[in-house]
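The chain that follows stands alone, in the form predicted alone, written as structure tokens.
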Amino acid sequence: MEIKQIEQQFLDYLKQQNAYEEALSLMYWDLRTKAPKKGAEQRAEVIGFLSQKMHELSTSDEMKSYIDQLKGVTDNAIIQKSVEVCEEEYEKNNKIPNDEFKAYKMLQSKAESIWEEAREQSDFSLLQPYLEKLVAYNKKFATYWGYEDHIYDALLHQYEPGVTTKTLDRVFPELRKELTALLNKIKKSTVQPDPSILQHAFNKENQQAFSLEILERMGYDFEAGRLDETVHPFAISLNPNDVRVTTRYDEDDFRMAVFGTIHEGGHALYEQNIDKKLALTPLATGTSMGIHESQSLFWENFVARNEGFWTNHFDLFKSYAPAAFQHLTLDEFYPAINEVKPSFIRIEADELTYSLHIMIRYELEKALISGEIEVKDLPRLWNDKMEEYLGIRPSSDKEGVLQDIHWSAGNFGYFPSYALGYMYAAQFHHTLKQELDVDQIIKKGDFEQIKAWLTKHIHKYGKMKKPLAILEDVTHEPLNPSYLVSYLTDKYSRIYNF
């Protein structure tokens, strides 16, 4: 058979995988937005069935045949990279028995529903038995996959290829030291923003209208997406022409929805602007969760928390805001939305303390996977670390260990991506500023140049490039946390006058 025929058969096979994946993504979107609770059991069965089918396709003899026939032979770069990705998935998934994989996917689905109930009741004991099973599965899978230095590396690799615990254990303490020093300067400053000026009722409908308008100005394509409400905000790509965004509204604090929507919009722009030539292949997605987070945090922090953004959008904001906001000046508003204050909830955290939240989670889940701590100890250890790192202690499981969905979804190894993404974003931002007058562009409110730059250097490649390769190709150096420290120091020394 000619190589072109094999290539076409391989692409047709990938379409089958893609069909199951899109169906699963739609179910997960539904599960996290509007799905009735009573349907959880049956829904878990269906998710388990579809996941098993995907697992079978990725580990079949037919897939192995395509890998063997095309690896290093085809001159089609997209097919060659797809073969590489499929081979890695084949090797990884083939090490997990099919029945274990299905059982794990069903457990994930059930645990997510239980997490919502546990969070609502602020009762960790409801989730604990499910979490214990999820941890056991992840430890088992990590052993199946293998690792060199630390068992956690096997899980970290699933989200951030090329990054290891050695990297994190070098970078995180260095970053923590710098952030803590900045935090201490801010606490001692005699200049303090007044966040009380933001604490006025702001109805959900108007928050939504403002958020929709900002998404549109960012370049989000509403003919290829939509905005919905959820408990824990996320963006999800069903396909390049259906990339959905969700948010959470708090009528007593508009920042939750506005900045959360912009954050998820950054994720969505990444997925919407992947090269269409990669569609229906495993390359038509972000290269890693860290690079994905770099895009959401770039828009949320480096764009939407920039003073120029509000110079341009303050009047628009006031057009949707209630009367209590109308007397505010930009000089009052801008410092208030950038207040630095340790908070219990990660997704509400300010720019400076955000990474400390991630370090807490990283240390806990790494210890869980290595067997140093047990699931039952999580609430106490979580509270202890919050007190040590941020100087505050949660009063309930809801504002402590139950605030994030990730562990109930089995996503161990995911959390470091958030802090890595923030460092990547700062490095990209530094490079972009060498080429464009970023502050002036943001002040004008015309984001097309920024979106085009991100698409050219990051978005379009999808999974064609590894995360650290993208970072070095764009910035011409490896991961360097100093850019994040410099950005935060410059910004907050001006706001807090130190």
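One rule holds for the numbers: they count along the sequence shown, beginning at 1. Keep in mind that this is a model prediction, so the values were computed, not measured. Superpose the two forms; the largest set of C-alphas matching within 1.5 Å is the rigid core.
FYI, the form predicted in complex with a further copy of the same chain isn't displayed, but the following is about it.
- Screening Glu472, Asp437, Asp30, Glu62 for any heavy atom within 4.5 Å of a further copy of the same chain in the predicted bound form leaves a single hit, Asp30.
- When a further copy of the same chain is considered in the predicted bound form, only one residue from Lys451, His457, His429, Arg43 comes within 4.5 Å through any heavy atom, namely Arg43.
- The three marked residues, Gly146, Gly162 and Lys385, fail to reach a further copy of the same chain in the predicted bound form, with no heavy atom of any inside 4.5 Å.
- In the predicted bound form, a further copy of the same chain sits beyond 4.5 Å of every heavy atom of His150.
- When a further copy of the same chain is considered in the predicted bound form, Thr489 lies well away from it, no heavy atom lying within 4.5 Å.
- Taking non-hydrogen atoms only, Gly39 approaches a further copy of the same chain to within 4.5 angstroms in the predicted bound form.
- Proximity of Lys92 to a further copy of the same chain in the predicted bound form falls outside the 4.5 Å heavy atom cutoff.
- The stretch that touches a further copy of the same chain in the predicted bound form, counting heavy atoms within 4.5 Å, is 22-30, out of 22-30, 437-445, 62-70, 460-468.
- Looking at 237-271, the residues that come within 4.5 Å of a further copy of the same chain in the predicted bound form, counting any heavy atom, are Leu238, Asn239, Pro240, Asn241, Asp242, Arg244.
- In a rigid-core overlay of the protein, Lys102 has its C-alpha displaced by at least 2 Å between this form and the one not shown.
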